[in-house]
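A single chain, nothing else alongside it, follows as structure tokens in the form predicted alone.
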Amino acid sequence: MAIIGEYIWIDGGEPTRKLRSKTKIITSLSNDHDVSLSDFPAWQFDGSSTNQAEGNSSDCLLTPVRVCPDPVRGLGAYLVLCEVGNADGSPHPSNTRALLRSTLETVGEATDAWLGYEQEYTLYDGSRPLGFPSERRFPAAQGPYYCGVGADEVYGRDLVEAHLEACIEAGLSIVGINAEVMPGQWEYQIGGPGQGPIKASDELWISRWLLYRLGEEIGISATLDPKPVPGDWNGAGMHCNYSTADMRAPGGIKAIHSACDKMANHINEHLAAYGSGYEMRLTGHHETCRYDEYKYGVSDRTASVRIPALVAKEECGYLEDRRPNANADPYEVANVLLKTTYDLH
């Protein structure tokens, strides 16, 4: 039996890392074999082409860490998410997943942290966002596009629906989609209840790969630019819904307030982990708090951190950090939230 593994990894691009992948055919399995992660061996790649090595010592190691069905190729094909290592097997400096693993080992399993990501993105046809007409610079002002319906208000739904279906077929924890405030801008939500920091972050990276790959099929590209169009248009974020066991327990609102208060003492550490270009998006307008300010509040979408109204009412649940950019690395986001909550800075 032959199976196809699409090995996916995160490169060393600066200031924003990108996804890379290459294909491996494995032919040594019996026809009745149940495919698992162990069937995909470690592999190498040229790190000098991904900003992860010098040309005179360019081998980097791919270690598979998660596998799921490949909905693009179909039966017998798998997506294989990998950590990047040095040639000796040690974690590469760009391997932020390894840093998150280390933090989780420090805080211990008792935290039982859950994360959910709200990934916004903008669809492009060539150099223009979908819905931005070529004969004039801008479409009508934002307002009717959010959760809109109709060909005059919503653009790119064919790719969005294909992506939703692919994520479900791959077994990812996608829980919703919606059109966003700017034409051609969309959001999907992934992770959430029961999804730990590693699993939720892995699935977000895989879902991003699927979005880009499916865009190839129809000639539409997706960007995670935090401010894709300057001026009076919403930016693109990756709001993070975060909770620990203490936050979800009865009376957990105290633990939520404690975490929010601690974040006020580590603004720069958080912003450094929240993606390139945050100062263009976090302006104090368009449902944001200024990047150099910090506040939290109940049901406040102008705050850095929002406590949902239902959470405040039930006095337990989760918080929403609204600062991460669409282009943020979820491993870094999860890591800094844990380090702040458990005083590891």
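Note that the structure is a prediction, hence the values are computed from the model and not measured. Residue numbers run from 1 along the displayed sequence.
One more form of this protein exists, namely the form predicted together with a small molecule; it is left out here, but the text below deals with it.
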- Which single stretch, out of 205-213, 121-129, 181-189, 75-83, brings residue heavy atoms within 4.5 Å of the small molecule in the predicted complex? 181-189
- Item | Residue among 266, 101, 227, 248 with a heavy atom within 4.5 Å of the small molecule in the predicted complex | 248
- State the residue from 301, 295, 285, 33 whose non-hydrogen atoms include one within 4.5 Å of the small molecule in the predicted complex. 301
- Query: Though only this chain appears here, would residue 243 touch the small molecule in the predicted complex if you measure heavy atom gaps against 4.5 Å?
  - Reply: yes
- May I ask you to state whether residue 171 is within 4.5 Å of the small molecule in the predicted complex, using heavy atom distances? no
- Hey, in the predicted complex, is residue 93 touching the small molecule, heavy atoms inside 4.5 Å? no
- Message: How about residue 87 - does it come within 4.5 Å of the small molecule in the predicted complex, if we only consider non-hydrogen atoms?
- Response: no
